[in-house]
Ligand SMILES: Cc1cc2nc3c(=O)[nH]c(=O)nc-3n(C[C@H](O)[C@H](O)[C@H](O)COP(=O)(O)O)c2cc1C
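As structure tokens, one chain now follows by itself in the form predicted on its own.
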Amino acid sequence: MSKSKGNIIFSLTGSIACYKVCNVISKLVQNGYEVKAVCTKSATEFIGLTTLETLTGKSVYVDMWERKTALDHIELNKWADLTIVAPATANIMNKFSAGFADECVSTLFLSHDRKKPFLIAPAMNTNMWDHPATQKSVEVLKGWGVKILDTEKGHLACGDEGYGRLLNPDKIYDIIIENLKK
């Protein structure tokens, strides 16, 4: 077994765009990166755990208490070279900026080693993206050193047109690799 090029926590939140990031996860693993997936419970409404387990070759973290190991969030962050949340909902971004830690993804954020890259790839309806609460959260998170990836303008799952669309998965992959090299 060859040595990993880098260790990545890939967190998914409750968005239809979950299906788009599967390609990113697969490409990372195929290119020698080790990926551990973490999901909010709402993400599991959009993508099955079996899919993520098959892509990563590892169990998926959903419930902090499921494994009966209270320190998984600390150990995962020590292991990781980079963390990405994709797709990131308005809910999770607003939780992060308010300091809430009530499930796996938000607890990982608060226990994150801020010397390591933390990326967020938002995906949401234009009104949610433009909402003052979300935009305030973006500014707070950027101020804390979190890299917020751009959203794209285009057709959204709800039928609307506008910003909030998840960045192209190939661009997400390239940004991950670029940030691992720093």
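Numbers for residues come from their place in the sequence shown, where the first is 1. Nothing here was measured: the structure is a model prediction, and the numbers come from that model.
Keep in mind that the form predicted together with this ligand is not shown, yet the notes after this line are about it.
Colleague: Looking in the predicted complex, is this ligand within 4.5 angstroms of a heavy atom from every one of T13, T89 and I92?
Modeller: Result yes, every residue of the spot touches this ligand.
Colleague: Can you tell me whether V29 touches this ligand? I mean in the predicted complex, with a 4.5 angstroms heavy atom cut-off.
Modeller: Because no heavy atom of V29 falls inside 4.5 Å of this ligand in the predicted complex, the answer is no.
Colleague: Taking this ligand as it sits in the predicted complex, is N127 near enough to touch it, meaning that at least one heavy atom pair lies within 4.5 angstroms?
Modeller: So N127 does not count as contacting this ligand.
Colleague: At 4.5 Å between heavy atoms, is W144 in contact with this ligand in the predicted complex?
Modeller: Output for W144 is no: heavy atoms all beyond 4.5 Å of this ligand.
Colleague: Using the partner position in the predicted complex, report whether A123 sits within 4.5 Å of this ligand, counting heavy atoms only.
Modeller: Output for A123 is yes: heavy atoms within 4.5 Å of this ligand.
Colleague: Partner absent here, but in the predicted complex, which of 55-63, 136-144, 110-118, 40-48 has residues with a heavy atom within 4.5 Å of this ligand?
Modeller: It is the stretch 40-48.
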